[in-house]
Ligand SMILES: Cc1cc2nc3c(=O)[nH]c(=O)nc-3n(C[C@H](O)[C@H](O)[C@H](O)COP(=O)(O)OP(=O)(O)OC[C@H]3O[C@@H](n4cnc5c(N)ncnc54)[C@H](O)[C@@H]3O)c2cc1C
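There is one chain below, alone, in structure tokens, taken in the form predicted alone.
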């Protein structure tokens, strides 16, 4: 299918209207009722605003929607704490604020594409689902995408969100430049080239430096990809051949419920501009799927990107979900943990040993790999890692009891959690896991000396 015709059939951003009401998550560390995570309805507006997973009601009394960078600067001069609010696809209180949340959803345009140095400059509120079709139309691509494209680029990059691929860095590694509005309204530009001493600390900042008003991303020539799925791989086959399986494609994901010594699905995404081998019908004991399927096997695959080896644009194959469809299970909680890839087999066995305890609370678990990087607060800083993602049912009391046991099982492997998902790891333990943590803390204090961008999450996990 030609590029323009494809765009006409796939670029109806219907989900954008569904997800514009603010939906972030809940750690039980700020006086919240553990049985009813979240906050009360806004005292100022009387309107209940929840995160994506609907497990928290935001405490922030104000939600601002500036339409220009100047308006962002003016908001900075108002008293009180502030926090950027993206697509709300987070499951703890990382994006909440004691006073004001600032959404840049009206700043969602491409500013420029530089073909010579292969970069795109974007406004701070753009979502991947808005960016990627436009890049494709111009003949360009990103190196990778997360499992769903309905998230803001700034929010995903600020928390270390990722796709999969042993040789692919997380989404943050594409960031070449940042423009940040500080608490005094000043605009500061940082870049990989001009600020090498601190730039790696500023990219994954969890909103602690200021409001990201624009970003510069690396791009590359557009490409097409295909995905093939195999079902019911024996767990031991996967563990014994982990490196080979996870490098069998450009991006590879495993889906499992940690039951019956079986890995339920393997999704293999391959670029068709690179040599593509015939994987056959038997892949390490798994059988080729004869139809499109959803990661949660009982759900319809209608929302999923096309499978069965059918080639299509990179942005409609690397994510699991289409840009114009409802992703995942919606009413859910999420956690994710990273361990060095050399411990993949041991970590998988440790999780599998908890399979019966996990099952009552689990929709599905995804296993991915992420290449090492140099970003100070990246979960994969200096270590190529395997990421264990858990999509939980909306049962916080049950999940809250389970997480410490799961984290204890992964603790011997120097586990790190995803910054924007649910975890209960002690902040001191967490901080010790990051070699550059003291430098990051100093960076926060330099750019936000009065703590205007502090919130309960940062107070607990970073400033404590």
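From a predicted model like this one, the values you see are computed outputs, not experimental measurements. Residue numbers count along the first chain shown, from 1.
The discussion below concerns the form predicted together with this ligand, not included here.
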*Candidate stretches 201-209, 345-353, 182-190, 269-277, one within 4.5 Å of this ligand in the model of the complex by heavy atom*: 201-209
_Each of 380, 416 and 422 having a non-hydrogen atom within 4.5 Å of this ligand in the model of the complex: is that the case here?_
no
*Heavy atom within 4.5 Å of this ligand in the model of the complex - the one residue of 154, 339, 364, 217 that qualifies*: 154
_Quick check on this chain: which one of 144, 265, 147, 305 has a heavy atom within 4.5 Å of this ligand in the model of the complex?_
147
_Test of understanding: in the model of the complex, would residue 317 fall inside 4.5 Å of this ligand by heavy atoms?_
no
*Would you please decide whether residue 91 lies within 4.5 angstroms of this ligand in the model of the complex, comparing each non-hydrogen atom pair?*
yes
*Determine whether any heavy atom of residue 369 comes within 4.5 Å of a heavy atom of this ligand in the model of the complex, and answer yes or no.*
no
*Can any non-hydrogen atom of residue 385 be found within 4.5 angstroms of this ligand in the model of the complex?*
no
_Using a 4.5 Å cut-off on any heavy atom, which residues of 79-109 would contact this ligand in the model of the complex?_
83, 84, 85, 86, 87, 88, 89, 90, 91, 94, 95, 104
